[in-house]
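First, one chain by itself in structure tokens, the form predicted alone.
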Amino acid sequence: MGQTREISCEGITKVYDGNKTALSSIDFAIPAHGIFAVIGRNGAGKTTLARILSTLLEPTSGKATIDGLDVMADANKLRERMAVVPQEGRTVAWMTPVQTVSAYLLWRGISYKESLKRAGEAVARVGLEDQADRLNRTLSGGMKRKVLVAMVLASDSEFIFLDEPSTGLDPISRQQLWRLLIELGKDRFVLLTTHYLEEAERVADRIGILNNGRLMAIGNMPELRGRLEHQYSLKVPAGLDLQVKVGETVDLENGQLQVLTTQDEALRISKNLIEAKAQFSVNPITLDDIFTYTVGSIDAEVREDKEADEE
């Protein structure tokens, strides 16, 4: 059997302008197949990590490899095997979706006839068959993002990097994109950055949580759920006397109180809340719960470290 291909980072650090640390000692190794979603707040370092791994940005220190090739030293070799939709990607105003995709494929060395065939198929797959021959400048922002996604769909790239591709898409188009991503992930590696936690939970095989440039957690959903001791979440308005016997409580930014607890304790509290005619929700923990717990806990650690340094 051949060796499993990997995407790896060893101590990847990026410092902008000599003082702003965007990434701090990122370490991980994951199989180079399936969908890897990177989530985090704005400024967490998602785009920086995507740009480094897609050979577009040099790290300040550390090493990153894809299938054994260094993203800096072997950048030209890797670029032949990857396709990228950057967050700031734009379509050419005076071209049509089909022309945009076919021109991209021609640039990659695909024949004119084949590029037109693939372009038409990819534009249809992203739901733009009725706009295939309209000028890009007449399309909505969400449609333009679809054109960019069609470009990588049409390529034969092994490694695909999508930086917040669903931004600007309506809910139906977003779900259509999710289906396409899942198909892509069956035989390619897709790195997806997103601030939609539901998107990451729905499509990703593995998820990395970034916060303030630090990798806080990485794994599949069962592994991430394992970070929390209790597997059920209740959310209630703050100020209620719940008398929690098992679990822990978290104050949420929206003014609610979250209780992480066991199934039996969630049932007991729910009965009391129903009798009190209080509004609440109860569910098995989701990625949103994991993210809030992980990032909130880390923020607290950072504050504590800072206060300790000041003392």
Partner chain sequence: MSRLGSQILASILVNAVYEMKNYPAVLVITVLSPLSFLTLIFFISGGTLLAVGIVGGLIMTMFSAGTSLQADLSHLKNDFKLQDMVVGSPTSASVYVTGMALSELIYTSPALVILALLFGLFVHVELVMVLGIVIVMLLMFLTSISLGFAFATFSSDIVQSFAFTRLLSLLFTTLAPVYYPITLIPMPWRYLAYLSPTTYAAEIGHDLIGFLSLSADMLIIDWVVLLGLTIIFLWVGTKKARWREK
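Since the structure is predicted, the reported quantities are computational estimates derived from the model, not experimental observations. Positions refer to the first chain, counted from 1.
There is another form of this protein, the form predicted together with the partner chain, and it is not shown here; the text below is about that form.
Undergrad: Of these, 75-83, 173-181, 208-216, 227-235, which stretch puts a heavy atom within 4.5 angstroms of the partner chain in the model of the complex?
TA: Of the stretches listed, the one contacting the partner is 75-83.
Undergrad: Among E248, D264, D251, E58, which has at least one heavy atom within 4.5 Å of the partner chain in the model of the complex?
TA: Residue within 4.5 Å of the partner: E58.
Undergrad: Counting non-hydrogen atoms within 4.5 angstroms of the partner chain in the model of the complex, say which of M95, A132, M143, M221 makes the cut.
TA: In short, M95.
Undergrad: Answer for Y104 alone: is it within 4.5 Å of the partner chain in the model of the complex, judged on heavy atom distances?
TA: Judged by the heavy-atom cut-off of 4.5 Å, Y104 is in contact with the partner chain in the model of the complex.
Undergrad: Does any heavy atom of H195 come within 4.5 Å of a heavy atom of the partner chain in the model of the complex?
TA: So H195 does not count as contacting the partner chain.
Undergrad: Would G239 count as touching the partner chain in the model of the complex under a 4.5 Å heavy atom rule?
TA: Flag for G239 set to no.
Undergrad: Counting only non-hydrogen atoms and a 4.5 angstroms cut-off, does G89 reach the partner chain in the model of the complex?
TA: Yes, G89 lies within 4.5 Å of the partner chain in the model of the complex.
Undergrad: Could you list which residues of 102-131 come within 4.5 Å of the partner chain in the model of the complex, counting heavy atoms only?
TA: Heavy-atom contacts within 4.5 Å come from A103, Y104, L106, W107, R108, G109, I110, S111, Y112.
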